[in-house]
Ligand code: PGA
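Just one chain follows, in the form predicted alone, and it is written as structure tokens.
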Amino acid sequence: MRKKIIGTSWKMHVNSIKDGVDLAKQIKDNLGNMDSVEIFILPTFPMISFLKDILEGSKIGWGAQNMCFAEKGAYTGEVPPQVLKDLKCQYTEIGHAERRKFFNETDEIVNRKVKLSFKYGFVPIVCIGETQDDLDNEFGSIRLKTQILWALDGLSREEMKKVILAYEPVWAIGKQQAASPEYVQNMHEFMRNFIINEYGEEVGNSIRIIYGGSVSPESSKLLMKQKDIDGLFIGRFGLKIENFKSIVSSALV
């Protein structure tokens, strides 16, 4: 049985340490003892140490929204994996559509980061998804297959099972409404079957595939009723504790 996950990436929506600390305390106070759902928070790099101090001892995990593809060297502005390990990060978000668009991240870079994540003991949350142009030209399935193959290339079967795939159709990110539950379920089922065909049933039935893209308290209830949606990856709708609690409760159905 795959454990349900609710995670949130704050991007730069939380743009002060005070606001980040306040929100993290609220989440811990309300959900810090929950065992039935896996919960994680991904703040900006400078906030990680503050969240670590707040969340240590609770059931809520924390991690980074990005990580350098190299362990050390002349990469100005990047953050090496060892620093994240020192901060006791448990998760790394890899390959978000905004990283691919604005910072020219490629599937090869994603793969390098996934491998480094396992080397340093992090769970990689690998973002995949088709663009509007992919949809218009009927390339969506090819895009997803390619991204999955790159994400899992060179991993052991045990590592593959630990990867979290975050399906975020690029055309749904930041919009008023999420993709329909039926559409998301169909895509998750397609991806799971593809993984089973490529890597076997044990990997395909173990790997968790979560959905992100304008998830709201309202849409979360319908999304989490779908059998192949293992959790939700929340953006701006998770920045208020009432919304976050409501979305977490949707994973209890």
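Please read all numbers here as calculations on a predicted model, not as lab measurements. Residue positions are given as counts along the sequence shown, with the first one as 1.
The next section is about a form of this same protein that is not shown, the form predicted in complex with the ligand.
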query	finding
Heavy atom of R236 within 4.5 Å of the ligand in the predicted bound form	yes
I173, heavy atom within 4.5 angstroms of the ligand in the predicted bound form	yes
Partner proximity in the predicted bound form: S214 to the ligand, non-hydrogen atom cutoff 4.5 Å	yes
Partner contact for K113 in the predicted bound form: the ligand, 4.5 angstroms, heavy atom	no
The ligand in the predicted bound form: contacted by all of K11, H96 and E168, heavy atom 4.5 Å	yes
Listed range touching the ligand, judged in the predicted bound form by heavy atoms within 4.5 Å, from 35 to 43, 221 to 229, 206 to 214, 192 to 200	206 to 214
Interface residues of 114 to 147 toward the ligand, as seen in the predicted bound form [heavy atoms, 4.5 Å]	none
